[in-house]
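Let's start with one chain on its own, the form predicted on its own, as structure tokens.
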């Protein structure tokens, strides 16, 4: 949990790298931080080379100076372990520390994310450094959290990883016969006789031209293994710190919908979730909100930390557009609205060299406070000081959950058919963006989580139904829940083996349908269907299904081709609840009509009914509710308020009636219960 006992307001600050600057600049930084309302810095993120110049020498003298300086100036610290980039001597003396890429090329020293998760060398020295840092700084009461490594990611295909993959397989499958069964090795004569016959899937083995995988079960298992192996890098340092500081609060910064790592599993080993929010140019506000809600969801709805965002410009986009005036503030409040209890940036002072020298910062290359960005940072700092601890620990209450599963994501996009256009997050996003644009609160859950508190659970593209996930869904619906899933669902089990007997496999009785075939429509081609008297496009995939107890709720089925008349939308009453099936992809107008109709039937209300471009969400506890109203439009917008409340930012009281919200404006209404 975020260490509220050490905080008096939302922590405001971010990554500070004074080791990149001469010491005479540090005091000026302290002046500017105070001016901006900065009260927390993340230190020591990439200092391993400075802290440990060789195998046996540790030098903490500069970090000691920095720690004394920030403490003297009243700054809290998020202490990083520096292990995101190993030092050059380690790569030179111990090449096992270096990763091997998908093409079987051994990396050289350089960059970051370049340490092999199976390297004994990395394990030895990373754990030792974490221990030494914990021992040295354990008495500093201004350290409020520990930050392990930085933005874990990537993968490795070296011999050590292959050996550890075999160990992982033996633990999972116990016998070579079980492994052969799970991987369907009778196909193409892949039968394994010994554990050493199991090889990792890369461009030399199971991949064809880097895009087409021939043995999906092997590829999915390697993704599982690699997510676990990289997680062990984190856990080893976590345990090392806890051994010395048992009450340490520990995290690492995640990256939203990052495909390579299963964050639902990672969250189980993190004291609180933190993540780095860098929307791409052109992303909708709903897409950004979706990532925030995911970060809240992986830890069962607990608040999270916004560890990084840019104050102005991101340096790695094709076109590095500035955040327009007001957008930094707006997006900061958006994070808080969806569960963040911190507002933090990368970076505090803009670097002068390498690939992040044009990435935004609180202190620009100009080096003073007379910049647009600094003025905006300072203004937000004053607002957060005024809000104080009002937001701490408040949670989002939702009647709706979207079901998300990393292993399902991997399996769908390894699938050799039915369409190369099939993308999990795109289909997931169709539902999320519709719900967000209609201002419903949404939780994001995994298939094995408790669903009982939700009136509606939506599982787009639930292709892989693992273990007892179907039983969890079955019990939810039997006990009165409402479940929605889509085309290409229930097809395979956890090893990517097709569940025979008819699609949608283990979901068939819940949904009351049988899917016979799937028609993939080329990009641009459409069928049609009618729902509530309006015609909508059927795109991407069209399931050809038969009713087995379900009722058809569209009007006339598909409108053309040989399967004209076959159902598109179905509802099956099951126990005390109902299960719905959407047999094709469509446009936002359809999803608005379909979801709006379901929510109306179930008595689910949006937080507020507001014009387009206005985002509304809420957080609450037993005593109060905060309603966040955010204008993503470029013009002021008039909003009707059906309640009374006080804006935490301005102190203004609002009664039933109209609110005029300026372009990019924010209101945080406090409503006492």
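Positions refer to the first chain, counted from 1. Quick caveat, the model's predicted, so the values are computed rather than measured.
Here the subject shifts to the form predicted in complex with another copy of the chain, a form of this protein not shown in this document.
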Is residue 589 part of the interface with another copy of the chain in the predicted complex - any heavy atom within 4.5 Å?
no
Is residue 453 close to another copy of the chain in the predicted complex, meaning a heavy atom pair under 4.5 Å apart or at it?
no
Taking heavy atoms only, is residue 318 within 4.5 angstroms of another copy of the chain in the predicted complex?
yes
Please determine whether residue 197 contacts another copy of the chain in the predicted complex, using a 4.5 Å cut-off between heavy atoms.
yes
Among 226 to 234, 119 to 127, 381 to 389, 212 to 220, mark the stretch whose residues have heavy atoms within 4.5 Å of another copy of the chain in the predicted complex.
212 to 220
Give me the residue from 258, 94, 278, 109 that has a heavy atom within 4.5 Å of another copy of the chain in the predicted complex.
109
Among 135, 364, 593, 265, which has at least one heavy atom within 4.5 Å of another copy of the chain in the predicted complex?
364
Though the partner is not shown here, which residues of 520 to 550 have a heavy atom within 4.5 Å of another copy of the chain in the predicted complex?
520, 521, 522, 523, 544
